[in-house]
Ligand code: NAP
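A single chain comes next, written as structure tokens; it is the form predicted alone.
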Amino acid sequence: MKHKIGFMGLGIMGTPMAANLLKAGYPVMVYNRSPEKAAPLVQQGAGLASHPKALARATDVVIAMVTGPEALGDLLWGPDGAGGALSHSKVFINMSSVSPSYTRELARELEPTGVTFIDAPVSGTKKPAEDGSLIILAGGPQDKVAELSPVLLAMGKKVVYCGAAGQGSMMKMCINLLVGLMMEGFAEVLNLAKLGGLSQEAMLDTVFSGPLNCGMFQVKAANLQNNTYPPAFPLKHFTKDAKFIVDTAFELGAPVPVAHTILQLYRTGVAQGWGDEDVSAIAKVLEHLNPKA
């Protein structure tokens, strides 16, 4: 018999992830602070919980995919929080992007409940979430991660075991740093090319024709070409993650000089009101910094 899944958080990522669990045949119950967002999933056969505690009582595996620590804390420990219904017979999987230190603190908070805790953020954005092709970055008891791999693989194409709880979040910090560096670098090069009189088409042709070509550049190029940034990974969410990255690096004594620079650039984007646009809207920040005619 398949696990009964409870899914909390129905945003850009959570909705398609929960939908893929339904497609894989899992009984799914959902909860979202704005219940109207659950309507499409309910139409597909999901149950709807009135609050997180009811969801945790009714399911075996509780998954959270929310914006960060504050939202996660509310779901677990707020009024009618799921934490009050967790026990040794249940599994809690946090797939939200949070810092490694927060994840380890959360593991300590959950320990008295007896619940099995798995730390499993993802590499991938909206389209991979829809396609079920996310990379799951799992931390926690290795035997339980292996046991629950079918659940995780209903949402992704690969599970990478990273170590104890907190190491999934550590991997997420590393991968998101690379995403931020690459996206800013790509936008910076195209902006320089434009100011230098090169056509965007020639610049992209050069990048795509050689070893610098990569899937992310291919996906994001259209945004920069059209100057439209539909949110697959909102800029404000990367900015939040970038702060986690530099804080984690500070704790470790790791030099991340460029991470500090891009944090300020992405924060500028949020300050300009572009936080709800895609992370590729970093191109707008660079244009904003261009010399004015």
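Predicted model only: the values in this text are computed from it and were never measured. Quick note: we count residues from 1 along the sequence shown, nothing fancier.
Just so you know, the form predicted in complex with the named molecule exists too; it's not on screen, but the next bit is about it.
**Student:** Report the stretch among 147-155, 70-78, 111-119, 211-219 that approaches the named molecule in the predicted complex to within 4.5 Å, counting heavy atoms only.
**Tutor:** Single hit among the candidates: 70-78.
**Student:** Using a 4.5 Å heavy atom cut-off, state whether N32 contacts the named molecule in the predicted complex.
**Tutor:** Because a heavy atom of N32 falls inside 4.5 Å of the named molecule in the predicted complex, the answer is yes.
**Student:** Find out whether any non-hydrogen atom of K194 is located within 4.5 angstroms of the named molecule in the predicted complex, and reply yes or no.
**Tutor:** No - in the predicted complex, heavy atoms of K194 and the named molecule never come within 4.5 Å of each other.
**Student:** A281 versus the named molecule, in the predicted complex: is there a non-hydrogen atom within 4.5 Å?
**Tutor:** Outside the cut-off, so no.
**Student:** Taking any heavy atom pair closer than or equal to 4.5 Å as contact, tell me whether I63 reaches the named molecule in the predicted complex.
**Tutor:** Heavy-atom contact with the named molecule at 4.5 Å: absent for I63.
**Student:** Note which of K37, K243, H51, R57 lies within 4.5 Å of the named molecule in the predicted complex, where distance is taken over heavy atoms; exactly one does.
**Tutor:** For this set of options, the contacting one is K37.
**Student:** Using the arrangement in the predicted complex, list in sequence order the residues of 228-245 with any heavy atom within 4.5 angstroms of the named molecule.
**Tutor:** Contacting residues: A232, F233, P234, H237, K240, D241.
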